[in-house]
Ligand code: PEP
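Single chain ahead, by itself, as C-alpha cells, in the form predicted alone.
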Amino acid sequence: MEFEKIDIFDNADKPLLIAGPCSAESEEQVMAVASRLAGKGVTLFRAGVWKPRTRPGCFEGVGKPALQWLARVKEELAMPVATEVATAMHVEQALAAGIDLLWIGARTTANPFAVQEIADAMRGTDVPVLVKNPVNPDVDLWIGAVERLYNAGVKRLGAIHRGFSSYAERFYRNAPQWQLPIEFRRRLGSIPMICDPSHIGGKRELVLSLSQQAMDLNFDGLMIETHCNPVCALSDARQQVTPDELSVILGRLVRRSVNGDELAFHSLRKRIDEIDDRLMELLVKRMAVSREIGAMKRDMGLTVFQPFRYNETIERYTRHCAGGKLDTEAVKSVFEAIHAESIRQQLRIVNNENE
C-alpha cells in the first residue's frame, strides 16, 4: 500500500500532538479547553462527539450538536479538529460539519462490518482517517481495517496505538504490548503511528512515562486526553490531564535521534546474532525431545497436556527473572509460546500425523 501524506501533519513538530477532552460535554467546556491549548503546539484538537461505552447508562456523548462546537474551535482558534466515528451516519455528519480528521475507535476496528460501512461512506472524500488498534491483540484485524479504507480510496491513513484489553487486573488499563504496533509498522511501512498513552495507562500519572516510551520507539505523535477540570469529566476522568499538566509532559519528553553510527553497534549485534543462533539450535533440540515424549504418551495412553508439568515449568523459569533483570510476564509469554509449540508437536505424534 502506498499511503499519501496527511497535510495537517506536515508543519507539526515531532511529536505530533492531538489533544483535547475525551468527550465534548458542552460548548463552554470545549471552547475553554481549546482556548487553553491554542498556541501550545497542538497539531489537532480532539473531542469525542459519540462515545461508545461498555455499559448503558453512562454518558454516551452529545452527538451531532457537538460538531458545531468543534467547527467553532476551527473557525475562531484556527485549530484543525478531529473526532471519532463508528457508523456511516457519523461520517456523513462529521464531514458536513467540516471536521478535518476522523478516527476509528478500538471497538469499531474489531468489527469488519462496521469498518466496511465507514469505508464505503468515505468513498470519494479526502479527509484523513486514523485507525486505533482493536481491543484484542490481533495485528491482522488492525491491518484489515486499514486495508478496507485503502480499498475504498482513502489513502491518507494513520494508526493509533491505544493498548490491548486484558481479562485480568493489570498495572495498565490496556497493556501496551509494544511488539504489536512494531509488527504493524514493519508490515505497513510508511504509515504514521500515533500513541494514545491516556487509554494505555488509564491514569494521568502514567501519561508521561508512556509518552516517553512511544518516543523512544520512534512513534510519530501522541494523542493525549486533556480537560480543564478532569475530576469532573463525564468520561475517563481518571486518565485526563489539564492543559498545564500537558505542557509539563511535553517539556519533559526527551527527543532522541533515529539515526546513529551503525558501526558502533556492529560487534554487539554480531554477538546477539550468535546467541540467537544458539537459541534456535536449542529450541530444535527441545522439540525433538518433546516428540519423543509425545510418542511415549501415545504408547501409554496418556493425554498430551499435563497441567502439573506445565505449571512447574512456568514457575521454574519465572523464578529466575529477578536475577536476570527480566520481566516476569515477558518470560512467561516466551515459555507459553514454546509450550504451545511443544503441544502442537506432541498432538501430531499422538495422532500419527508426523510419521
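Just so it is clear, the structure is predicted and the values come from calculations on it, not from any experiment. One-based numbering along the sequence shown.
Separately, the form predicted in complex with phosphoenolpyruvate exists; it is not shown, and the next lines address it.
Hey, of 100 to 108, 266 to 274, 251 to 259, 183 to 191, which bit sits against phosphoenolpyruvate in the predicted bound form at 4.5 Å between non-hydrogen atoms? Among the candidates, contact is made by 100 to 108.
In the predicted bound form, Cys22 touching phosphoenolpyruvate (heavy atom, 4.5 Å): The answer is yes: Cys22 has a heavy atom within 4.5 Å of phosphoenolpyruvate.
May I ask you to check whether Asp220 falls inside a 4.5 Å heavy atom distance of phosphoenolpyruvate in the predicted bound form? Close contact is absent here: in the predicted bound form, Asp220 is far from phosphoenolpyruvate, nothing within 4.5 Å, heavy atoms only.
Please tell me whether any heavy atom belonging to Arg156 falls inside 4.5 Å of a heavy atom of phosphoenolpyruvate, as the geometry stands in the predicted bound form. No, Arg156 is distant from the partner.
Using 4.5 Å between non-hydrogen atoms, is Lys132 touching phosphoenolpyruvate in the predicted bound form? Flag for Lys132 set to yes.
Quick one: of Arg204, His199, Arg148, His90, which gets a non-hydrogen atom within 4.5 angstroms of phosphoenolpyruvate in the predicted bound form? Checked against the cut-off, the match is His199.
In sequence order, which positions of 68 to 98 have a non-hydrogen atom within 4.5 Å of phosphoenolpyruvate in the predicted bound form? If the 4.5 Å heavy-atom criterion is applied to phosphoenolpyruvate in the predicted bound form, 68 to 98 yields only Glu84.
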